[in-house]
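Have a look below at one chain only, the form predicted on its own, in structure tokens format.
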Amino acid sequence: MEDILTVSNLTMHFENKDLFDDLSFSLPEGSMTALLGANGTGKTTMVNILLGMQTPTNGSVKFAKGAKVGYVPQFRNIDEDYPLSIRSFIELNAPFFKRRSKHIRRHINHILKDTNLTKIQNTRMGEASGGQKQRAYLAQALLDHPDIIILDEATASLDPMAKEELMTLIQHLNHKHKMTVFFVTHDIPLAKKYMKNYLLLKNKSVQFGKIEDLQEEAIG
């Protein structure tokens, strides 16, 4: 199995703080990995580096040739009077001049079905529940056919049922489409239920292994 992501000798120093030093790890294609660590260990910075939003002090990040990255953020509240429907919100990630093409419409229909949003596609985003909004963000991320999806605390602030629903969808995408999953979270029970591997940021270094072997006390 080839690696979809290879991180080599990654170092991030700020003016008055060293977040991590000389980290190296890789994610195999089709893997499901949780990124764990206490607050302040660099999880958000790691995601920003992977997305090209921050430049590390040293080291490299290399995705497999042609790999596309999808991103689902932490739950963001949307005003009740937000006018766009769920379908129109998803369409925002499609090029404007292609949104009415038959190919794009079929693709969006397929994504709506995969994310269990077909029946409520005309509901305004402002009226949707937290779980429905997060599935709409997931649907947006899927529009570009990603090979790896980064969930950045995407289940935080959701109720237990919405968390399970979102993660069941993620698991389905992994099983059906072999999509690689990188799940940033503080929710250890949820990670243990749905992920296979873990990366733990601690003491400026990284530990990795099978998530079934993770001892929760090792995180603090």
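Start at 1 with the first residue shown and count on from there. Everything quoted here is computed from the prediction, not taken from an experiment.
A second form of this protein, the form predicted in complex with a small molecule, is not displayed here; the remarks below concern that form.
In the predicted complex, the one of 52, 189, 160, 40 near the small molecule [non-hydrogen atom within 4.5 angstroms]: It is 40.
Close approach of residue 45 to the small molecule in the predicted complex, 4.5 Å, heavy atom: Residue 45: contacts the small molecule in the predicted complex.
In the predicted complex, residue 199 touching the small molecule (heavy atom, 4.5 Å): Because no heavy atom of residue 199 falls inside 4.5 Å of the small molecule in the predicted complex, the answer is no.
Heavy atom of residue 23 within 4.5 Å of the small molecule in the predicted complex: No, residue 23 stays farther than 4.5 Å from the small molecule in the predicted complex.
Contact of residue 153 with the small molecule in the predicted complex (heavy atom, 4.5 Å): Residue-level check for residue 153: yes, a contact with the small molecule.
One stretch from 189-197, 166-174, 59-67, 31-39 that, in the predicted complex, holds residues within 4.5 Å of the small molecule by heavy atom: Contact criterion met by 31-39 only.
Sense of CA distance change between residue 75 and residue 46 in the predicted complex, threshold 3 Å: It is closer: the C-alpha separation of residue 75 and residue 46 falls by at least 3 Å in the predicted complex.
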